[in-house]
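Below, in structure tokens: the form predicted alone, a single chain.
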Amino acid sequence: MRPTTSRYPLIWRVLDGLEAAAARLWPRRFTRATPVLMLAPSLLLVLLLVIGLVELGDSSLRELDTSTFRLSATWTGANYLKIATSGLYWTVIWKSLFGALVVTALSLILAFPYAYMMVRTRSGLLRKLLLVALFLPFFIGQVVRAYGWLIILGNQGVVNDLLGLVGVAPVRLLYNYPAVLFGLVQYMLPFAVLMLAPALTAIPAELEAAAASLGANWVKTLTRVVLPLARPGLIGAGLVVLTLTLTDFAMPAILGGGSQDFIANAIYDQFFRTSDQGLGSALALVLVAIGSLLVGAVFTLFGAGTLAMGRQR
């Protein structure tokens, strides 16, 4: 019999060539610097963010000259004074802050049973359906979903058509504050589920069975076993939803019809409608400050949850 000879796969030759080229470009004596090299892109992005914040800070201290539509050459606190003394901006800030808190609470309430069912169900088909329903909105996009709600909730939309069949007059379901909050909850729900699912997966199902064997009903098991152990996931999900909602632009603009602006919409108006970059920059820094204070308060009161880089205590 002729001995069989195995060919050296082409992909292996390519990988060997790449390894040899990498060894010449990055010798072994540079191994200790490898983590720094891998961290370089992230550091570059952080540096660009810092530069952007510095530029915003500089612009926020310059007042717009309405005769030339140029920013003043000297620093002044007029933009911040205008924000502090304007009832309009206080209303916008309050709407944004209150809306972010309400959306966060509702998203967590709705996301927890969804994530729990997805993790605990024994049906593979049901789990796949829940996963598909969870990830499908990410392929549609926020703006498309918002316009979808215009079709469903509009004066000539599906909901009002169904109400008309039973003799109910058309109801205005859009261009108000509840419509914006509704759209934001629907948009933020997948993010909350994705943050909660790993935390619930880490809770052994045997703990719930043990609690039931000791006489605990499902309410006690939920409140004394599942929720305390899922606390890091709840905190992480809450922080993600809170910050995304606070800075959202599309839902207030589309579902609010321009009458229910959040801070991001007010910033957009100053930059692109009135061309007041100074006031827009001041509003942007106010938004950064509010978000940072909220996140800091959550970290102080509840910890960082699943966003922490160390072990949870």
Partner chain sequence: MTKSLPFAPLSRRHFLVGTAALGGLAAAGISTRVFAEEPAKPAEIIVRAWGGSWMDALKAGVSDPFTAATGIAVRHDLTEDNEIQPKLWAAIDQGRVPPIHVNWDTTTNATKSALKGYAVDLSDLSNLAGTLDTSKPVGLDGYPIVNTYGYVYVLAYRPSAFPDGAPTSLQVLLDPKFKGRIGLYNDGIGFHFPAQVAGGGKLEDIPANMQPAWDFITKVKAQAPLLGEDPDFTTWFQNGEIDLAVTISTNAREAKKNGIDIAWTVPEEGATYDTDGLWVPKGLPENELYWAKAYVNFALSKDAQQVWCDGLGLPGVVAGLTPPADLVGDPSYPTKPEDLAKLIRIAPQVQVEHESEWFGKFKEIMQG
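Residue numbers count along the first chain shown, from 1. All values reported here derive from a predicted model rather than from experimental measurement.
Not on display, but discussed next: the form predicted in complex with its partner chain.
In summary, the region of this chain contacting its partner chain in the predicted complex, judged by heavy atoms within 4.5 Å and restricted to 233-241, 96-104, 150-158, 72-80, corresponds to 150-158.
Mapping the unseen interface onto this chain, Phe249 counts among the residues with a heavy atom inside 4.5 Å of its partner chain in the predicted complex. With a 4.5 Å cutoff on heavy atoms, Ala84 does not count as touching its partner chain in the predicted complex; it lies far away.
Within 4.5 Å of some heavy atom of its partner chain in the predicted complex lies at least one heavy atom of Leu88.
When contacts are judged by a 4.5 Å heavy atom cut-off, Phe191 does not count as touching its partner chain in the predicted complex. Contacts between stretch 172-201 and its partner chain, counted in the predicted complex as any heavy atom lying within 4.5 Å, involve Arg172, Tyr175, listed in sequence order.
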